[in-house]
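Here we start with a single chain on its own, the form predicted on its own, put down as structure tokens.
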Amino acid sequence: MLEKITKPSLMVNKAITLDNISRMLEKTKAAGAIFRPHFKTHQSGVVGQWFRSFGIHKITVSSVSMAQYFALHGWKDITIAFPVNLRELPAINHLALSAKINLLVESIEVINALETGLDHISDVYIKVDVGAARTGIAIDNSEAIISLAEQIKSKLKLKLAGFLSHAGQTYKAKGITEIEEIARCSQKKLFEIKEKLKDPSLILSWGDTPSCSMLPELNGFDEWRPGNFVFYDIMQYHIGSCELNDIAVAMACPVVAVHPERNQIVVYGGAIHFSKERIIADNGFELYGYVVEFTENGWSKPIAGAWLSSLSQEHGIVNLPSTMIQQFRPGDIIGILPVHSCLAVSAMNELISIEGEIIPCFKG
């Protein structure tokens, strides 16, 4: 596997990935919800086939171009979980010729433009901000949400499918109790809005990996859209969403220099491969990844006292225990568990299985 590695390469363990998919699917079924996983993490037609093997046929993506990619791979029911970009209306119309495309809206201006510009009838979800403060109508502004819903219902080309939210603030929550409170309060308020509209067919669509992974009961939502769970990463491990052995990707990085005097090695693997996502621990301690050694069947547990300590464009600096520094030479390969697997996949544009299979990914 490693003898052909010449540059930073993102390795994926298929067995771990399949376990992650299976576990999340079973949790969703137990909650009585629709499973519409977010494909922005793996971005791969091949990994999409792994989902298909579980009978999954509804997916979420983060852009029109990603929807085009997965439509070409045979997916027929796609939610674009990003507010409609009106400049892409021609592409949306073309895409709708080959797949059912569900759109995301939050303003009357976009609704009116869709009514005029769409060539087809489309399901739309109202984006509701449940506290992440990114996009959507604030959940406490129920009057605005209901008003927009009624406007949608008056249109000929739009069908109100429900309300879609992403609790991004769970990534910064302090423990499972806070995550549980975010989900509980959000579900209660969304259900109250749904009741006021007197339409039981409306879907409450929920998506974030921490709550979907950690909460033993996440009931009351009609649809789950987690994405990062497919591979997990160091960030999710620190949040408590997964165990270390649930992380399904590791970056293989060539060693280019060894500095025993400072207990560091330099690897070919920088910000353009990992992004600059980091974990900030106690006393301002920063790390950009855990260090592992590759094995015949994957990789080891993280090496105690070793971490990816800094990144520049192409360089990565790895701190190692003094007892290990002499084990490495330029030309060796070392593994790094990334802080954020979604961004690592996006940066790399392909995966390599631990068996050596090249797995192409979407290139947006």
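No experiment lies behind these values; they were computed from the predicted model shown. Numbers follow the displayed sequence, beginning with 1.
This next part talks about the form predicted in complex with a further copy of the same chain, which is not shown.
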- prompt: So in the model of the complex, does any heavy atom of G364 sit within 4.5 Å of a further copy of the same chain?
  reply: yes
message: Is it the case that I317, even though its partner is missing from this view, gets within 4.5 Å of a further copy of the same chain in the model of the complex, heavy atoms only?
response: yes
field: Partner proximity in the model of the complex: L164 to a further copy of the same chain, non-hydrogen atom cutoff 4.5 Å
entry: no
- prompt: Is there a non-hydrogen atom of C342 within 4.5 angstroms of a non-hydrogen atom of a further copy of the same chain in the model of the complex?
  reply: yes
- request: Tell me the stretch among 213-221, 144-152, 177-185, 251-259 that has any heavy atom within 4.5 angstroms of a further copy of the same chain in the model of the complex.
  value: 251-259
message: Taking a further copy of the same chain in the model of the complex, would T17, A31 and E195 all count as contacting it (heavy atom within 4.5 Å)?
response: no
- line: Heavy atom within 4.5 Å of a further copy of the same chain in the model of the complex, from candidates R278, K189, K100, H73, belongs to R278
field: Answer option from F294, Y171, Y237, Y268, heavy atom within 4.5 Å of a further copy of the same chain in the model of the complex
entry: Y268
field: Sequence-ordered list of residues in 50-68 near a further copy of the same chain in the model of the complex, where near means a heavy atom within 4.5 Å
entry: S62, S63, S65, M66
